[in-house]
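Take a look at this single chain in structure tokens; it is the form predicted alone.
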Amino acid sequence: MSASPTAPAASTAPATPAGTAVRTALVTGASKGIGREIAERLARDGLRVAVHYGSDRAGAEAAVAAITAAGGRAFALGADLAAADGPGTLTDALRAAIGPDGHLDVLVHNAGVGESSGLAEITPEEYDRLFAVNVRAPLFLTQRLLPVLRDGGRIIAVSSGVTRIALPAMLPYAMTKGALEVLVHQLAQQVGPRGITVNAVAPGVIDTERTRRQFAADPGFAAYAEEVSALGRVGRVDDVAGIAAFLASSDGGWVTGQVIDATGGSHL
């Protein structure tokens, strides 16, 4: 999901009953698709979730409404992660929402520009935006949030199967995800002494609004995605969210510095 021009932060964190320990997660790009499913899954697992959006405020508020209707806790925060001050804006909004004594337990880097032109068509402007949202924003958001991320916390990045599977038509996009995976590997070593784990999930073709538009434009694409998957189907958003939930849980505490393939065995 792309993070585009933004509205102000939408809401504040719901109050937590006195004496109740609550884990808090921030999921970027959570107004739709994989990000929304991760937000809803973490909320079902008992976390209070900050639902970030870039431009789709209505989608973020719908995600918050769905979470609260199911008995969970969530609030929406807006920030344009393509802007130079985007990570700072989001950090300030989160700090204001959780209060001066609040902490973050799980940081999910999901927001991203989800596709790109190929080598022949890419422009410097498109390249700069790709790297601003997909690489610069996760780096500087992590930098700004590490002081409030609890020891033993979790950082999870949503990468892509294109770092393993050659897809020249999306070469610049694949470059950004390769950089994100390097960030995961290096950061895991740096924050390991604090008990913080850092991992990536690398989806393949997942049934989202964007891929459904691709299916409509190219009727053979869905059949191709099913054919190249060892499991014979297109992925679902809950396939990815389940892996993120595992990494965010206590069961995932001994996994760090890893990229978990979530392509359904595509192109084995």
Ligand SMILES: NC(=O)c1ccc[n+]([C@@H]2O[C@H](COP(=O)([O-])OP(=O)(O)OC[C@H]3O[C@@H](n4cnc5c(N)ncnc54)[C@H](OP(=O)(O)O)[C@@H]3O)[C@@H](O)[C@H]2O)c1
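In this text the structure is predicted, and so the values were computed from the model without any measurement. Residue numbers here begin at 1 and follow the sequence given.
The next section is about a form of this same protein that is not shown, the form predicted together with the named molecule.
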item	value
Contact flag, Ala30 vs the named molecule in the model of the complex, heavy atom cut 4.5 Å	yes
Partner proximity in the model of the complex: Leu104 to the named molecule, non-hydrogen atom cutoff 4.5 Å	no
is_contact(Ser229, the named molecule) in the model of the complex, heavy atom dist at most 4.5 Å	no
Partner contact for Arg44 in the model of the complex: the named molecule, 4.5 angstroms, heavy atom	no
Ile34, Val113 and Thr208 all contacting the named molecule in the model of the complex, non-hydrogen atom within 4.5 Å	yes
Stretch in contact, per heavy atom within 4.5 angstroms of the named molecule in the model of the complex, of 119-127, 94-102, 187-195, 159-167	159-167
Contact set, 80-95 vs the named molecule in the model of the complex - heavy atom within 4.5 angstroms	Asp80, Leu81, Ala82
